[in-house]
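Here are two versions of the same chain, shown separately as structure tokens and labelled structure 1 and structure 2.
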Structure 1
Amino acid sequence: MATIQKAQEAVAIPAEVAREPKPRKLTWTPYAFMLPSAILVILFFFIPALILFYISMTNQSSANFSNPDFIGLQNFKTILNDRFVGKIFQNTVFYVVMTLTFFNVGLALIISLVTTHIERRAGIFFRTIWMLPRLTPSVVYIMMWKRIAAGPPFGILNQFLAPFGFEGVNWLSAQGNPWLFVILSNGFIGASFGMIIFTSAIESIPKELMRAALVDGASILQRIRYVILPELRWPLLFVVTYQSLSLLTSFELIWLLTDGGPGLYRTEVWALTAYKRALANYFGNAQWGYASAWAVFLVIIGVILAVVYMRYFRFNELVEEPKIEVL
């Protein structure tokens, strides 16, 4: 006991010394490390955003590319007066919420939790399988989904359902359920991204926390609820924010799978409409100014969502310095 007491006295720090604040030296080293990222953000985000805002206030098109007229907010008024804008906005919200909730975050988290609680080699094998949709070229990937959803006698899904008495239908037509395949095709790709982030975060949790939970008799669900999920606030914030913005601006798979149909704007989302107005206009006149106005709405919505997510996940608490208690 005397030896332990002497050791504690030897390493003890007087209270007046511990409480004395240390002067901080002004250094430019952190700013030097941040400079390359700041330059990239300015060049590839802020400047293009400013250009986008300017073009959205003109009537620039392929007919008057060199000398567009400044028309102010006329493009935005045209969008708000469009009778289909409400339908397109509802499609976008439905697509983002469903894909993000059930696949990009939900399924990704489930895969990560399952594959990190089984034998390591088996977990790596299953995670590799889930990476295949992301590694497959988009055209080939969508051709596979079209074959699955095709009508009889070629549709793979109809061939499986036929023995159960289901009548065959083209699932991408008006009589089918095209939204199901739009969400599934996008979700399987999005789940692989979240799976990588969540798996890395789970495996980096200190083993001492997991062992302490086991000693306390915590079940698997209790370990997930009280140990793992609290440690995933940073990865959850990143995945939810990044995937929300990615889904808002994505249209490639929808374009290849349904082209916004069947029918009139059945599965068309906001980004696909902006693309069509800019580069695939039915009238043969690329309306770059009008399409930029559609894109400006996406920029505004993306900024709002990012702020909401940072407040919900308490971003300030995540970046604050750890508190050191003085004994």
Structure 2
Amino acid sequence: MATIQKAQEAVAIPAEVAREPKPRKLTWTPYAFMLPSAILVILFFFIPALILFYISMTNQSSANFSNPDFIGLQNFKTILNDRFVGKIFQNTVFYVVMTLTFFNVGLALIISLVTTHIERRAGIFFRTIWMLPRLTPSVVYIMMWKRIAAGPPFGILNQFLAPFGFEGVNWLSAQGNPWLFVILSNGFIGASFGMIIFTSAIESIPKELMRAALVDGASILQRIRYVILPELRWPLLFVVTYQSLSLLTSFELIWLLTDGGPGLYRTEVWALTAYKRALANYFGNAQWGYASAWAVFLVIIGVILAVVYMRYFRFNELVEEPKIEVL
């Protein structure tokens, strides 16, 4: 019965259609799957970026909001001639590199390694604690750092150091070490991202692999060096890429903690400058055009970095061939 039905179906389909029905139907499927993310990228990256590029070539400000003049590359010239642009650029690089190296990657790696090698529940407990800074509202979090760094007689750090004969200083002042606190406050939050990624990667290393290393005679450091770190290669590259790009554009903690100070631009970073020019100008005059030009630099640097990372780290190797060959 079934065979008869099949035979009838086969006859019913015209030869032409029967020959190549699949490719035609499937050609659009991959694009359909990509559509949602494509819409998001276009809506929230490409269009804003284009608008940004346009505004950066105008003198739009709160004074001439509705009819700004097109002034070409004037804003960019102004930036490059700015007395502090070099300083701010250096600051940004310093901030990104230090926070990334010592906290977002370094500390994250150490926390993951330690908490996966102690008793399981203790490990989970410590990792939960490390998540807390991220869960705390930024303003509250920075207030706590300000209390820690405050000058005598209040500063918590000073009180701890007092017994050792330390005189005490306002750590966020020029006499203190504002950069240390900028990096610490950002790093303590940043570390938890890498921590989660690294921990799950470490825990997904097959148990038998670790046992094999034990039997082969590897000490704990050798196991980290020869088994765990090679297995963490991709998570490491991912965290470096993702976190360096997000550090580049982050400024809110610095803004709250030092506002780029003390003094002139001691801890000012690029994104903070852009923000201030656009929305927090001293004279209540928001220079959107000029601020956009600052932001354009960030977009360009970000895109270049992303491309370099993609190339250099060969991220396409991460993308596996589809397991099911349909598309």
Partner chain sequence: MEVVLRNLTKKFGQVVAVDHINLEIRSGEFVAFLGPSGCGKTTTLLMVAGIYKPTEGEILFDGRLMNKVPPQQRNVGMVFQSYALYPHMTAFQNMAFPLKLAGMSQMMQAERVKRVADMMGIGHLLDRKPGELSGGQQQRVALGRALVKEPDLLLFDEPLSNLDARLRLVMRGEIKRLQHELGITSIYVTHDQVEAMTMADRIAVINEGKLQAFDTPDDLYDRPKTLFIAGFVGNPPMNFFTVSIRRENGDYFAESEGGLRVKVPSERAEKALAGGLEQVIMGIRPEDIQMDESGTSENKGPVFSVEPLGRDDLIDVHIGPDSVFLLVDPLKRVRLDDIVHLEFDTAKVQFFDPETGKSLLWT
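Superpose the two forms; the largest set of C-alphas matching within 1.5 Å is the rigid core. All residue numbers here follow the sequence of structure 1, with the first residue given the number 1. Source: prediction; values computed, not measured.
Trainee: Pick out the form predicted alone: structure 1 or structure 2.
Mentor: The form predicted alone is shown as structure 1.
Trainee: Take the rigid core as the frame of reference and indicate whether the C-alpha of Ala212 shifts by 2 Å or more between structures 1 and 2.
Mentor: Passes the 2 Å threshold, so yes.
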